[in-house]
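As a starting point, one isolated chain is supplied in structure tokens, in the form predicted on its own.
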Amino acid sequence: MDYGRSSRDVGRAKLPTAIKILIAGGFGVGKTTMVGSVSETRPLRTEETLTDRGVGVDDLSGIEAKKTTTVAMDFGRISIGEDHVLYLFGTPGQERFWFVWDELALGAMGAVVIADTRRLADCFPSVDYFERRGTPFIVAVNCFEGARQYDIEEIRMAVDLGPSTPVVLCDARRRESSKNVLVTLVEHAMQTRTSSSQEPATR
């Protein structure tokens, strides 16, 4: 009797590895835009129109033209080569919706924290959150038109990031730019995981 591979296994396509990624950051920094620009499928969005009830609650400084906000999450998907499929979950940026973050973060390989140099402090809660959880993350600075441009090392110092955390510049509206951000995150997360596995166990 032949115990080798069955004929059904011959030519069977290998399923790509699924990777969960979070897209986080403050209110109005470009999370929904990034998910939409890079997703291969029509992204799922949970946006609602901003109303007068948000006056005094939502800080629109620098983003006065913003008319909608994500109230649960954005969802998209992109393939990286033939071996990996990234599932993107955009988190809500407003503080009153942060209670959903713990659910979205379960099983995530890593996170992109999008920053806007006009309101850089808005990314601090996201950075603190992923540092506390031990989730690998990178900071992607969304270069808005008309905003002052800073050197990457200036941004690193302002956000108080260590040298091992990547900081990249991007345009969330452009597919290739957003894709490069995701590739940087995956490489960083894999390197972090490899480094952690090689550390000697403490007694």
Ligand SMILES: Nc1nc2c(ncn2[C@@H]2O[C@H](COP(=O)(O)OP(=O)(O)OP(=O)(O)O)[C@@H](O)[C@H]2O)c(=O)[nH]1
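Start at 1 with the first residue shown and count on from there. The structure presented is a predicted model; accordingly, all values stated were derived computationally and were not measured.
FYI, the form predicted in complex with the ligand isn't displayed, but the following is about it.
Although the partner is absent here, residue 175 is not a contact residue: none of its heavy atoms lies within 4.5 angstroms of the ligand in the model of the complex. At the 4.5 Å threshold, heavy atoms of residue 167 stay clear of the ligand in the model of the complex, well away from it. For residue 138, no non-hydrogen atom is located within 4.5 Å of the ligand in the model of the complex, even though that partner is not displayed. Residue 39 falls outside the set of residues with a heavy atom inside 4.5 Å of the ligand in the model of the complex.
Contacts to the ligand in the model of the complex (heavy atom within 4.5 Å) from stretch 143 to 166: 143, 144, 145.
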